[in-house]
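What follows is a pair of forms of the same protein chain, given separately as structure tokens and numbered structure 1 and structure 2.
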Structure 1
């Protein structure tokens, strides 16, 4: 497990980080207070000093991912001078959040999409719809300025961005490897741009 720099984190942050790693590496069934406590060398009770329930840990992981991705989309629009720069800033920030949360949210999206838990499904669904709309707007702007292929559906392209990141997480989970989920962000972004940008 990737537990670098854990000593610099607060106990609450350690619980979130280890919880995210467990979700990715061992699955939702192994996401228990005992498993997190064992990995951190603390008691189960210590976890509940920071969180009311295990669901609250999941909500914190999701909230961190959702808020940072949404914020990165806003910043990309503000800072980028061209559509390509905006998309690159957005993707790099998304990759950073993905690495920080160890890919837990894409795994949760898959696991919880089939569950009856309306609370989690609603949060994740709202995030995907909102994020898709932000990306779609940038794609439309690129089509108007002539840098992105006109025959592409902006919403399909936005889902391609989200799906490509999701696919990277699944490949990472299946391979059982350690380290970064997206080893070479430059190459990943280049591959995505190859299919949408005019040459």
Structure 2
């Protein structure tokens, strides 16, 4: 369990960090007040002095990620000169946010997308939809200028981007390793752009 530099944080921030870590390493079923409290050396009841419900903790974790991701996507589009550069900037920014939040949100995205809870469902699907929309717009631009294959459906490609990151989190989670989720961003981006075949 990565708990480096946890001391200097407030209890509320610690709850969020530990909570995210639990979601990734142990799964939503272990995301309980008692589990978090035990790791912090307090009681479960104390959790509710900082958050009014367990759902509220999850909402804050998601909110942080979504706002950072959306922001950096906008910046990528502004700063990139070519389509390829835009996509690359977008992916690299996304990877940074992903590493910073230890992959918690893609995990939540998956686990909560089927939740009966309308609150989670709408927040996450709105995020995915708007992110997908941003990417498809770049893809369409690339198809117009001839750098991206015309026979691909832009929305499918956008989902392939999101899915590829999701897949990396999956591999990371399954491997049980510590350290970075995407060890070699260059290779990751290269496979997405040009595949695995030499041609």
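Since this is a predicted model, take the numbers as computed values, not measurements. Heads up, when I say rigid core I mean the largest set of C-alphas that superpose within 1.5 Å between the two forms. Numbering follows the first chain given and starts at 1.
The form predicted on its own corresponds to structure 1, not structure 2. Relative to the superposed core, residue 182 undergoes a Cα shift smaller than 2 Å between structures 1 and 2. Residue displacement note: residue 62 has its CA displaced by under 2 Å between structures 1 and 2 (rigid core superposed). A movement of the C-alpha atom of residue 15 reaching 2 angstroms or beyond is seen between structures 1 and 2 when the two forms are aligned on their rigid core. Aligning the rigid core leaves the CA of residue 51 displaced by 3.2 Å between structures 1 and 2.
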